[in-house]
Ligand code: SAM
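Single chain ahead, written as structure tokens, the form predicted on its own.
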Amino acid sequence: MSVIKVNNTDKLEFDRALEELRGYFAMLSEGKGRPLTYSLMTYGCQLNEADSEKLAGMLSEMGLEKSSQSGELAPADVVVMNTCSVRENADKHLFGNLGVYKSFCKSGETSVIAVCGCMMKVPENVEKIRKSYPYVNLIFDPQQIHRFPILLLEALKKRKRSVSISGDDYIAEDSYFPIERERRFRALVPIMYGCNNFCTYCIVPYARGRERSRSFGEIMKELETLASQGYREVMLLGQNVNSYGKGNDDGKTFADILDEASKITEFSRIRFMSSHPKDLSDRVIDLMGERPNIEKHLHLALQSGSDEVLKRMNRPYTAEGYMKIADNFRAKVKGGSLTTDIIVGFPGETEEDFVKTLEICERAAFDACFTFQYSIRPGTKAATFPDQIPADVVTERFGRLTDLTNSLTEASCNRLVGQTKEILIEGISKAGGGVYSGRTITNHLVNFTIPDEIKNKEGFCEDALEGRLCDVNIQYSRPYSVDGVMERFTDGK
């Protein structure tokens, strides 16, 4: 498998395909007497969300409008499903949704269906679509996203299904794509793709390919552009951001990106994920403690507190090694939050192994834990391991773990009560009823109300709140969030 840089010739073909599709869809739109629409469904991680922002940009450049119909499975002329192979039951979700769209295709409400994302790197999934879902027009993998217009045009011209699953890894700079960002204040910025770690439970290295890093200069150019466009928060993304730069010639590391990004004063928050304990440098932690606009939140996957289980997972650190990093973070990033991922019921996990996981969770005092019951992923090494844990044992252990981790999260939220915290406003809360939401620099979710004396001031505009900074007095704690009342805007606007 090789890494191929996308060049200007590829871009010319990309642009020509976009232009031809624009004309094709315009002709169909005229025939139907209405604008054609698209629906884009995204499953999985934030890298998938970033890919979907590119897909949305391409679909818009084709002259399609985003469907205004509500609901995940609303009909549209063009439907794109961007899949995930990591989340449990992802295959059931995808195939169930494809079944629903059969009726939309028959009625003519949907003309084109494309399926992409990590699930398409599993041959069994591609074969199932081939055999059982003949109305799917296009199948492609994450490495082929830069060829989406080319592949779609080919499928439409030939009037038959196109399948493009690459054996190579590509890297196309984000400037290559039209991007339609989901949020007005936050920009997702992938800095690298792929993974070289080959954890035995994980399909990502097979789905996303080998590690490959974007150009340092292109990343900084994109960040400067985002700052000039008014984005207040950026999320730097990669399967393992701390391994950024390996294989590049300039010697730049992830710490260099953080260092330079934090000097862009327009950014109120610089966030990043995901991190691997084996690659997290002291310099990154130092920068998190020193720079006011780098988020004081570290998501660092533990997965297990047992050294034996970590070995079988191919996680090259020990529980004590993990705790050294956690203690260093707590010491240098005052008041920072530490969150993690944990898998329960990995093959061969004993009760003693599991108890060690509980013990390290208490020692680390995680602010939040994302807990998962192990499930077999076809194509991974762990799928062939003996000593698979019985489902009832996994469920019982999972219950004990979530009881503990929920109490740790609740304690973390309780510690904020009575304090005033600066938050970045994300918009109207899902709770509705005049409640807004945002996050602290430690990534705690805050729901808050705005007093009438602030709302009645000249210049207040509810539609312009996203991305603004304000102080909120925290008055009440919930299990996973806190409630408060705004005291003032802090961004000088």
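Note that the coordinates shown come from a computational prediction; the quantities given were computed from them, not determined experimentally. Counting begins at 1, following the sequence as shown.
Same protein, other form: the form predicted together with the named molecule, not shown, and the subject of what follows.
Q: Among 400 to 408, 184 to 192, 223 to 231, 272 to 280, which stretch sits within 4.5 Å of the named molecule in the predicted bound form, heavy atoms only?
A: Checking each option against the 4.5 Å cut-off leaves 272 to 280.
Q: Report whether all of D10, K54 and I150 sit within 4.5 Å of the named molecule in the predicted bound form, measuring from non-hydrogen atoms.
A: So, no: the whole triplet misses the named molecule.
Q: At the 4.5 Å heavy atom threshold, is F372 in contact with the named molecule in the predicted bound form?
A: Looking in the predicted bound form, residue contacts with the named molecule include F372, since a heavy atom lies within 4.5 Å.
Q: R377 versus the named molecule, in the predicted bound form: is there a non-hydrogen atom within 4.5 Å?
A: The answer is yes: R377 has a heavy atom within 4.5 Å of the named molecule.
Q: Can any non-hydrogen atom of L156 be found within 4.5 angstroms of the named molecule in the predicted bound form?
A: No, L156 is distant from the partner.
Q: Would you check, heavy atoms only and a 4.5 Å threshold, whether R315 touches the named molecule in the predicted bound form?
A: Yes, contact at 4.5 Å.
Q: Counting any non-hydrogen atom inside 4.5 Å, which residue from D168, D341, E260, E359 sits next to the named molecule in the predicted bound form?
A: Contact residue from the list: D341.
Q: Note which of V126, M81, A301, A368 lies within 4.5 Å of the named molecule in the predicted bound form, where distance is taken over heavy atoms; exactly one does.
A: Only one listed residue qualifies here, and that residue is A301.
Q: Going by heavy atoms, what in 164 to 201 lies within 4.5 angstroms of the named molecule in the predicted bound form?
A: Contacts from 164 to 201: just Y201.
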